[in-house]
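Take a look at the structure tokens below, where one protein chain is shown in two forms, each on its own, as structure 1 and structure 2.
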Structure 1
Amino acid sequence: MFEVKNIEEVNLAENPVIAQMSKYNHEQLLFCNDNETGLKAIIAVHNTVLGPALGGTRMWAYNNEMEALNDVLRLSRGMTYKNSISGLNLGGGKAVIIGDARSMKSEALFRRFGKFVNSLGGKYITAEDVGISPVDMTWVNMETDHVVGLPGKSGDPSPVTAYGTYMGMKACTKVQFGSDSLTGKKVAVQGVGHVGEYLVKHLVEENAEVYVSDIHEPTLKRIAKDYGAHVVGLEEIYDVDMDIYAPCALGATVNDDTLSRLKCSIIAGAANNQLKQEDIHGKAVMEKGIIYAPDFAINAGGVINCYSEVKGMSLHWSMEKAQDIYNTIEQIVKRSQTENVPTYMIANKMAEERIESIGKVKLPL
């Protein structure tokens, strides 16, 4: 017979999943498996104080399940902070599907995933993320209404994400150089997928000198041809003589190795979880005199776009809201300099202050 232990007697070492949930203070995890379709997924609901947890679904060929778990926990926590600091009435959640997005997609897999999303009864709203397209979301939508980013509605959030990132980059440039002009600035964009390409377009239109790197060679060649960007290798990107490093692929690229090599004064990109270890690398960035735009604050354009679909707002509203990221990033950076603490801590504090404040409003009378 299963014995329920008292909370004081539970050894977290015996429950590594619960231990990780406790570390980030998550509300709920849903593990999804379906042998018929090959679906293996994890849905993480971090916090729902401000509203239902909204965050995209990522499809990635993780090395193992613990790697996927760590990613979904960090990403969902980031969504809570992102939604809060953006002034949205949404909580934070995220989902990951373990698998190769180039070979494993099928209607059946995504519809089965949609059933799992639906089982949460609206507590989690999904959308597209890395490896997922708006068309994939239409399959999910066949089994649940709790999905946004659909074709014909708000659609692909990438243009709004890129625009917000671009505005946040300009805010950092204003603080660091005294002007927000990017003309003549050397910007290294790591990852030129949907968001990265739109960002490159904004940069080139402002006459920045752009360097690009990506794992997909055909995409790199096209970007170089279409925008006149300089192509560099996957590892060479960290050694480019640049003013701004813009990570727009996977996270943890700001780490012990890269910080000893990066020749930039600003880190401002669209990737999530850019700091490998917040407490270590957030402080190290500040000590090197580099302005770091906290990822969940600068890349919030995508979730703003999704929120517009939830609330029936227009694309014009989304773009105007994304433009406000300029002011948010400028406030974070200036407050960081005044208080002499890393920017990620300031951004976390601002997000937490709103959650705490609205949490009091929602207390029963």
Structure 2
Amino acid sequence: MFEVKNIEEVNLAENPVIAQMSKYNHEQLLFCNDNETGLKAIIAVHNTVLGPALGGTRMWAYNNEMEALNDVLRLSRGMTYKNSISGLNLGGGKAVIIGDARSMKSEALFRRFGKFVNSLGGKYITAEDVGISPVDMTWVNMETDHVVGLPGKSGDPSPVTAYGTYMGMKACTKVQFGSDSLTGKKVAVQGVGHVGEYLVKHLVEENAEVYVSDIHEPTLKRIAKDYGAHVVGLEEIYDVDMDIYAPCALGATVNDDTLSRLKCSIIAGAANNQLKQEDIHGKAVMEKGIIYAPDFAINAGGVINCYSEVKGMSLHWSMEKAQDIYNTIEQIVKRSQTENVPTYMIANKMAEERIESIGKVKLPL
């Protein structure tokens, strides 16, 4: 029989969900189940002080519910920091749909999910993430207006992400070399997909010497030919005699192994979760005299593009906003040097400070 306990008697250790929420101060979790469509999802709203919680929906075949819960809690918190450091009036949220994206998708499942998103009344705004396509989002949109990144709206975020990354790279270059010119700088771009290609274009236009690697041979050959970039091997990229390493493919490429090889003095790329272990490798990078542009700050062009859709702004507006990434990264790096604290910690602090100060503005008069 269900036993009702007094609040005081509830031991958080017995209740891993609330305990995990309170650990990183999440506001709300919505567990979604629908037996008819097979929908099993969790929507996490981490923080709405700055505005509605925006973050994508991921569809993934998690091994168990705890794995899904951990992921949605971690990712939604990450969105709060990303949205805050980017100066957007958005909080952080994320959703996960538990299931195989290749076999479980249906119109009904996504429309049902859309109904759950809608039930939050705009507190959470969703978008595409891993395992989700524009068509899936069109179905979600049939049940809720709280969706961005729809076909025909703000479009592919990659040009904005690449431009922001390029601007952040220039800011690092200014602090490290005294001038933000990339002319003649040797830049190694790992991964020349959507973002990587646009980044290479900016770099070549500024006469940087560009090295590229990619697992997809035809893309690699095309980029080398179209932009005059030097092709290097998948492993060789870490040993290139370079000024700047720009990871634009995978996470965790800044690790014990690569750090003993990387000859660069700047790490500035678009990939998510570049540091294998933030605390260890964030510090190690600083001790080697490398300037690391925190990934969630430098790759914020994507979310800026989403925000433009929420606000009905143009691509031109998004590009101008992405230009601000230059100032944000410069501020982070300078403060890191003054306070002798790794850049990723400074970026976290700056994001928290903004939430705290704007939280005060929002108090009733």
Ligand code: NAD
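Here, rigid core means the biggest group of C-alpha atoms that superpose within 1.5 Å across both forms. Each residue is numbered by where it sits in the sequence of structure 1, with counting from 1. Here the structure is a predicted model, which is why all the values come from computation and not from measurement.
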The form predicted on its own is shown as structure 1
Core-superposed comparison between the two structures, residue 355 Cα displacement 2 Å or beyond: yes
Residue 132 C-alpha moves between the two structures by 2 Å or more, core aligned: yes
Please say whether, between the two structures, the C-alpha of residue 320 moves by 2 Å or more once the core is aligned. no
Determine, in Å, the CA shift of residue 64 between the two structures after the rigid core is used for superposition. 10.5
How much does the C-alpha of residue 73 shift between the two structures, in angstrom, given a rigid core superposition? 5.7
